[in-house]
Ligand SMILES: Cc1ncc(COP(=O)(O)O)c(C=O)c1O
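Okay, so here's just one chain, in structure tokens, the form predicted on its own.
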Amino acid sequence: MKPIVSEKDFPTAAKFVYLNAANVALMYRGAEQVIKEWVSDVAQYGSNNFDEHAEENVFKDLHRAAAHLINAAADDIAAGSSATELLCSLAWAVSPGKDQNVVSTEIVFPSTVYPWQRVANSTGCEIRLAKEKNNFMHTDDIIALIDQHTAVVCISHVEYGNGQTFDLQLLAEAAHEHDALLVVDATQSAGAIPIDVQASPVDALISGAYKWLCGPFGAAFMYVAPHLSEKLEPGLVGFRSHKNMWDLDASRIDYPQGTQKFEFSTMAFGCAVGLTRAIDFLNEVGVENIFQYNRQLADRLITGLRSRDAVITSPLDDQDRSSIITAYFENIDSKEIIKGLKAAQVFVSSRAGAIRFSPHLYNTAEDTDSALAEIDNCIAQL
């Protein structure tokens, strides 16, 4: 396999085997550099350079980069400190009532459904969670929960625990048939799987920065379709919520046009600058190229795991899989293998009694082979 990035882009990737992007990805070196530069400038010069004009326009490049990533318009992108923060604001903006319901899955990452749970505690709306079967979530079981009272279907594009990928177009059609919204947490897919919000008309999509986007903690973006953003009032507001943020008048809020109305406060702005640089880099490499490259790495791991009689618990069908692979070995504690791998400088995660591998664009075929060889060593010692 020919590498698709340079060693200088991820300089520590050659020092250990890091198959853990679904947890925290290695950060793109260019993103790290601009974050340090921004922090250093503010530390040394205060607002001399990061003045009112710079602060007002600090998210513009992120709007552009994220819009390009998912085939959206820049006006339909908002920046925030975390995916959870943005989703909370959206959930309160939608505020499904007591005669409505929100549909998700029982294996979704909790932060994807907790904001709706909190709203439900106040409004009385019902939370419906589709049940998994043998570590797999059948899309039909999600769709079966959608009815005329459904306000929102909120799912993770890729399930963190097993790497299952959902068909966004199919779910959008099912939700819209009942006039419900489809809200997508793309934290486990953005930057690794091509996303086109025009082809798959989701109503909102949110992603954190520190996984497949190779960005920092402390930044995220959200897309809200124009038909939705124009009628919503954000659940979280602050001084940036006024369309002229420096026209400081506590007696009113006149929201900006588009999704930027969800940008409400100060944050570690350097993290947003770093996320912009990371997304620009991924756009340059090409997400389709990254997707195909990661798939090859995953295939290599799957072949090696199968030859060692591992039980693969991730979906393997093309339409359902991602580059996240989960597996375990019968009668062997996965956590002991993970501990042994860590001692050998091979980094993976533990999820639901299985070993979770999540290779990304900075990994190589040699990384997968090293991981498999170290698994052999661990099993032999155990």
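This is a predicted model, so every value here is computed, not measured. Numbers follow the displayed sequence, beginning with 1.
Although it is not shown, the form predicted in complex with the ligand is what the next lines describe.
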| item | value |
| --- | --- |
| Location of the ligand contact in the predicted bound form, chosen stretch of 168-176, 190-198, 129-137, 81-89 [non-hydrogen atom, 4.5 Å] | 81-89 |
| Lys211, heavy atom within 4.5 angstroms of the ligand in the predicted bound form | yes |
| Any non-hydrogen atom of Asp185 within 4.5 angstroms of the ligand in the predicted bound form | yes |
| The ligand contact in the predicted bound form: Ser104, any heavy atom under 4.5 Å | no |
| Non-hydrogen atom contact Phe109 with the ligand in the predicted bound form at 4.5 angstroms | yes |
| Gln260, Gln164, Ser156, Asn294 - the one with a heavy atom within 4.5 Å of the ligand in the predicted bound form | Ser156 |
